[in-house]
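Heads up, the chain below is alone and in the form predicted alone; it's given as structure tokens.
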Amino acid sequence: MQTSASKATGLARASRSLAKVEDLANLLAAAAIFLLMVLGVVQIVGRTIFNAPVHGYIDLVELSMAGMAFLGAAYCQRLGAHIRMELLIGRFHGRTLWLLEIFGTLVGLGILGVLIWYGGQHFWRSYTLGDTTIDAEFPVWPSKLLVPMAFSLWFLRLLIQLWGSVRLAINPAAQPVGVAMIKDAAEHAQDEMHEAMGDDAPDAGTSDGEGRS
């Protein structure tokens, strides 16, 4: 019993530590989206009024896509928000549910492992060759580096969820820790409402063993 409790505590600690990094990555993705919107306004105003478009605007948009698309993936995985398909798995409960979660997580880990490997190769090739954008000749490697970094963070989150799912498959009656909890549409809407209003709502998808679920 003591061993089970210590494992749950270690899992919760690992989940909370990784969550801090995920929150930062998601904040950077949000900042990239905001700055791109500002850049778009500057481009429109500068081009139409002052006849002075932003140098390399299209290139900057292309380079920002990787951060906006992937930096928030691990954060969404943690919350189970807009990233999971639950039409089938939501019908199961108990040990069967967690065995299916283990299977799905292992598939996700395999796919991410391949993407991290080849994403890292693409980054290194771009860095060593000095690859640049076509128009403004901005270096491409920082954008390509974000891909394996974001996927690695996502990979770690899946490892934590795998750990939590295995624990619950062994003992379905245990307190869920580090796993994405299935919620219906009404609960998701309520969570998003709390987030939009800035309330101190619980995390929408993950239980960390200390009351958040």
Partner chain sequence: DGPSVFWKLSMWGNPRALSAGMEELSKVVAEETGGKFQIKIFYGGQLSPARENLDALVVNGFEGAAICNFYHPGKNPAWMVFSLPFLPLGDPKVDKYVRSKMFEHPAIVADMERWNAIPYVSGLLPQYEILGKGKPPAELNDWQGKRVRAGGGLGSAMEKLGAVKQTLPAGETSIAFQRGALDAAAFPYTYAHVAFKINEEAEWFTSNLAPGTSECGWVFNKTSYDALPPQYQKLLMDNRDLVMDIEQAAYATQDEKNLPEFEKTMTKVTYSDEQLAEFREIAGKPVWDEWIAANKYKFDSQGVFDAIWQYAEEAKAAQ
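Positions refer to the first chain, counted from 1. Predicted, not measured: the structure shown is a model, and the values here were computed from it.
If you look for the form predicted together with the partner chain, you will not find it shown, but the lines that follow are about it.
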Is the gap between I58 and the partner chain in the model of the complex 4.5 Å or less for some heavy atom pair? yes
With a 4.5 Å heavy atom cut-off, would you call H93 a contact of the partner chain in the model of the complex? no
Should P176 be classed as touching the partner chain in the model of the complex when contacts are defined as heavy atoms within 4.5 Å? no
Is P53 close to the partner chain in the model of the complex, meaning a heavy atom pair under 4.5 Å apart or at it? yes
Across 102-134, which residues bring a heavy atom to within 4.5 Å of the partner chain in the model of the complex? H122, R125, L129, G130, D131, T132, T133, I134
